[in-house]
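The chain below stands alone and is given in structure tokens; this is the form predicted alone.
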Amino acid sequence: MTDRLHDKTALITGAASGIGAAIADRFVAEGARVALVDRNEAGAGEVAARLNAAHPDRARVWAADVTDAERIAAVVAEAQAHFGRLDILINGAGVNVFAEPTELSAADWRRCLAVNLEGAWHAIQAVLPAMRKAGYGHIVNIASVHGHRIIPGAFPYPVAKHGLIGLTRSLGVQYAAEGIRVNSISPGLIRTPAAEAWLASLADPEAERARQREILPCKRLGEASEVAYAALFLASDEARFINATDLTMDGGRSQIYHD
């Protein structure tokens, strides 16, 4: 532990598992207090219990769906009251929605945008007033390589992630002079519960896992803890001159021209 986030408070959505939980682990280890927000209250509770066992009273859970703007606003207000302030927002909540475009239902289209794009905006809109008043705030959105490169069969997920990167850049420029930074991270294939569930759903999971490793220059999948370290850097004052920027984390895959 190096206390890179000493005396800082972060609100993390999608904190019950995967990248969100890994970010919570890293932030608390680096001195932060964390508000864990997830619709999976039990899962977030397990994360909080683990964190508080090692670092008492540093984590608290709020159950919320990021698609509910009123609930997110209430959670942000409650977290600010409980911790005294919010310095950092991590928008980690997301959902995979992949479908053949002509067969995509209106409900799935709305769900994809509501969680992956509008959910981030709801949280940002809720934290901005206090951050602007304080003249300080770091926001990190978890985007995706799908926001840079199109993978066939992944529609409409890339639409939302392109929008999230656009949101990052727009707001980063909008509020830069007020001491607020907005950046995003675009992970590639990371070993999360969602990724493992996708692999398990395939006819030959191990063959696909091997194929995915082979097309990566580093010949391995990414780890959630590695994304957490990137979020730590962007959310810390070490990155105070980095703004309105997206960091791609895909092991170099997007730089290769594949057959």
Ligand code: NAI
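Just so it is clear, the structure is predicted and the values come from calculations on it, not from any experiment. One rule holds for the numbers: they count along the sequence shown, beginning at 1.
The form predicted in complex with the ligand is left out here; the points below concern that form.
- Each of D38, D65 and A195 is positioned with at least one heavy atom within 4.5 Å of the ligand in the model of the complex.
- Interface residue among A16, A235, A24, L11 relative to the ligand in the model of the complex, by the heavy atom within 4.5 Å criterion: A16.
- Proximity to the ligand in the model of the complex, taken as a non-hydrogen atom within 4.5 angstroms, holds for one residue of L86, L171, V115, L128, which is V115.
- Contact check for I190: a non-hydrogen atom falls within 4.5 Å of the ligand in the model of the complex.
- Residue contact with the ligand in the model of the complex: Y157 places a heavy atom within 4.5 Å of it.
- At a distance threshold of 4.5 angstroms between non-hydrogen atoms, S144 is in contact with the ligand in the model of the complex.
- When contacts are judged by a 4.5 Å heavy atom cut-off, A93 counts as touching the ligand in the model of the complex.
- Here the chain stands alone, but in the model of the complex its contact with the ligand, taken as any heavy atom within 4.5 Å, falls in 157-165 among 157-165, 131-139, 173-181, 100-108.
- Contact annotation for 208-241: no residue has a non-hydrogen atom within 4.5 angstroms of the ligand in the model of the complex.
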